[in-house]
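Starting off, we have a lone chain in the form predicted alone, written out as structure tokens.
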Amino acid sequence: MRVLGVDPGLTRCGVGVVDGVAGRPLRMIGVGVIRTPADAPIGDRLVEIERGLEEWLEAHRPEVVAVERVFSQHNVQTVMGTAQASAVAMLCAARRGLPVALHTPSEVKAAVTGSGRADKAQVGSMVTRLLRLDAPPKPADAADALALAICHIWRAPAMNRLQQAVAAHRTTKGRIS
């Protein structure tokens, strides 16, 4: 499975592509950051993020896009920017008919490090080890994007089984035995 991980942000939007399946060694295909100037109008910044994401989607042809789920923070302006960049990522994926998976920061941290409270350095260190890289990807947004892709690869089989079980339960629930 090839997954494009997106760590959404207006100033720095981390992107990373990982190939692999659960239980086998993973391979990094690419990693980077889409940057926009903080003083540019919001519309221009969103267009720049969209262009960057489209380039990554075209170049790497992922099967799934994993995006960090926006969660409440203390800074409303930061949350808004993150949500807007996240929506652009979902839109780009939907335009191509790609499924989108949303993962919370704590889910990603737990999947990659074993602790949902891991710090950025721990995530970067584990991404480096799991992908057999020479050094942690910089900035942290790039490492976070790879962590999202890894998280999805590892969680997808369990998530699919759960969705199938729920669907089967719904179809049999209405039947009379």
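One-based numbering along the sequence shown. This one's a predicted model, so the numbers in the text were calculated from it and none came from an experiment.
There is another form of this protein, the form predicted together with another copy of the chain, and it is not shown here; the text below is about that form.
Ok, 130, 40, 110, 46: which has a heavy atom sitting within 4.5 Å of another copy of the chain in the model of the complex?
Result of the distance check: 46.
Contact label in the model of the complex: residue 57 to another copy of the chain, heavy atom within 4.5 Å:
Heavy-atom contact with another copy of the chain at 4.5 Å: absent for residue 57.
Any of the heavy atoms of residue 31 lying within 4.5 Å of another copy of the chain in the model of the complex?
It does not: once another copy of the chain is placed as it appears in the model of the complex, residue 31 has no heavy atom within 4.5 Å of it.
Does residue 104 make contact with another copy of the chain in the model of the complex, using a 4.5 Å heavy atom cut-off?
Outside the cut-off, so no.
Spell out, yes or no, whether the shortest heavy atom distance between residue 53 and another copy of the chain in the model of the complex is within 4.5 Å.
The answer is no: residue 53 has no heavy atom within 4.5 Å of another copy of the chain.
Just to make sure I understand: among 133-156, which residues lie within 4.5 Å of another copy of the chain in the model of the complex, judging by heavy atoms?
Sequence-ordered list is empty.
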